[in-house]
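Below you'll find only one chain, the form predicted on its own, shown as structure tokens.
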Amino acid sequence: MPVRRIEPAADYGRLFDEVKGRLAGDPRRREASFARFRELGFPNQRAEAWKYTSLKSLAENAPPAPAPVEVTLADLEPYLLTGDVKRLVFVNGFMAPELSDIEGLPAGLTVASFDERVTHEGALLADADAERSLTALNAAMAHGGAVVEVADGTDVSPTLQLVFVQAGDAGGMANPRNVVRVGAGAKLTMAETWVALGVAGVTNVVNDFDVAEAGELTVDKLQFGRGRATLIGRSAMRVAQEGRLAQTTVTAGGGLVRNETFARLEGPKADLDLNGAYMPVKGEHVDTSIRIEHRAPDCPSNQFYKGILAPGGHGVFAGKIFVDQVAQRTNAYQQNDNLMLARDAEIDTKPELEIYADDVKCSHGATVGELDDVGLFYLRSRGIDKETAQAILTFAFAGEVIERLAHEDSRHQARRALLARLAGGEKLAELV
């Protein structure tokens, strides 16, 4: 059998010893999770799920412990949502009360820091992914993040924004964990924003989203990275009967970004809608990994992802739809379209179906192409220079995903971030 693991550097043991004394929750559970992480090791590229993404550097070089860094609201202003919004901010995994605003929450909505809740609710550290070493590492060192609960029948009017900031140049490692529980017939709109203000640092986040019967959760997920900043995230999603979960992810930067989604549709007529746009530039690597399991009949699911691969950028998309034998009348759709802006851009895309029911409507597809010459000629013939014409067509390609973001500020931030990465985009940025 081929070895599918990389032995973690000994410095991970020293890192855990350094931070464990300040971590909330049962220390025995923390120790057990760290032992499990050491046993599993980091996945290598012989593991199918990591075939195109290497963690060798991270495995061999443990980051330092996270440290508080001073960040101001002015630093975060370009990334904050406005209007009727409640906000929690975490800097290098540490909650920043002076940057947060959760005063006056509406009845039926409870928001608390993960560290506060885990002291009394040890099960929050449960390792749901028994074979995923990065989840075990997170469980061992989870610090920061939020526990959000919406009571049955509550329609929450403010948008809730969770902001995770990597700051400073020390390159520390944060392990936030978020738990979001939407009750029966309840509704919540939230934004998960990752911002790298420093050029280094590692965030290893685990999300647990649970939508009860007829509940509804909408998530804008925005990622603004830079330099060698690394973000590895795992979202476990469960949707009960007639519940709905919709998430749109826009990734604009980060040396290494890996977004994993594992979703289960557990009751009849549960609905899942996942959208995404990613644009890695030179030296950046963005990996999207999705598994959706249809475990009940009459459930629709949708995956719609678009990649823009700039010169020297590398993207990965692997999406799988699993349909259980009991999941009759499943309606599942998956599409991954990629636009190559240069010959040295790279995309690896792998859509998959695994179906055990016989009354289903399932489709999947992937495309890889260049900018349309006819469209470019049309714009050039109207007096538009080449760079601006290319930026217009590229922006239009991503627009179909961006428009699916729920909050207007999310759409505005995503547009400006993508245009800032395009030659000729600065002229268009003034218009969005």
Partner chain sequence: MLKIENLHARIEDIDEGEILKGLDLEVQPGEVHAVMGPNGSGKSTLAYILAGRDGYEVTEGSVRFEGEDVLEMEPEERAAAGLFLAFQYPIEIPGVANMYFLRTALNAVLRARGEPEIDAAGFMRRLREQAEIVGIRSDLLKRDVNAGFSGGEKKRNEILQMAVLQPKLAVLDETDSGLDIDALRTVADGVNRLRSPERGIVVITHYQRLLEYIVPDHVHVLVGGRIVRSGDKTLAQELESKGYSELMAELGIAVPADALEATA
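Since we're looking at a predicted model, the values are computed, not measured. Positions refer to the first chain, counted from 1.
Here the subject shifts to the form predicted in complex with its partner chain, a form of this protein not shown in this document.
According to a 4.5 angstroms non-hydrogen atom cut-off, is Ala62 in contact with its partner chain in the model of the complex?
The answer is no: Ala62 has no heavy atom within 4.5 Å of its partner chain.
Would Ser363 count as touching its partner chain in the model of the complex under a 4.5 Å heavy atom rule?
Ser363: no contact with its partner chain in the model of the complex.
Wondering, does Ser381 line up within 4.5 Å of its partner chain in the model of the complex on heavy atoms?
So Ser381 counts as contacting its partner chain.
Please check if Leu393 has a heavy atom lying within 4.5 Å of any heavy atom of its partner chain in the model of the complex.
Looking in the model of the complex, residue contacts with its partner chain include Leu393, since a heavy atom lies within 4.5 Å.
Among the candidate stretches 371 to 379, 46 to 54, 63 to 71, 33 to 41, which one is within 4.5 Å of its partner chain in the model of the complex when only heavy atoms are counted?
Comparing against its partner chain in the model of the complex, the contact stretch is 371 to 379.
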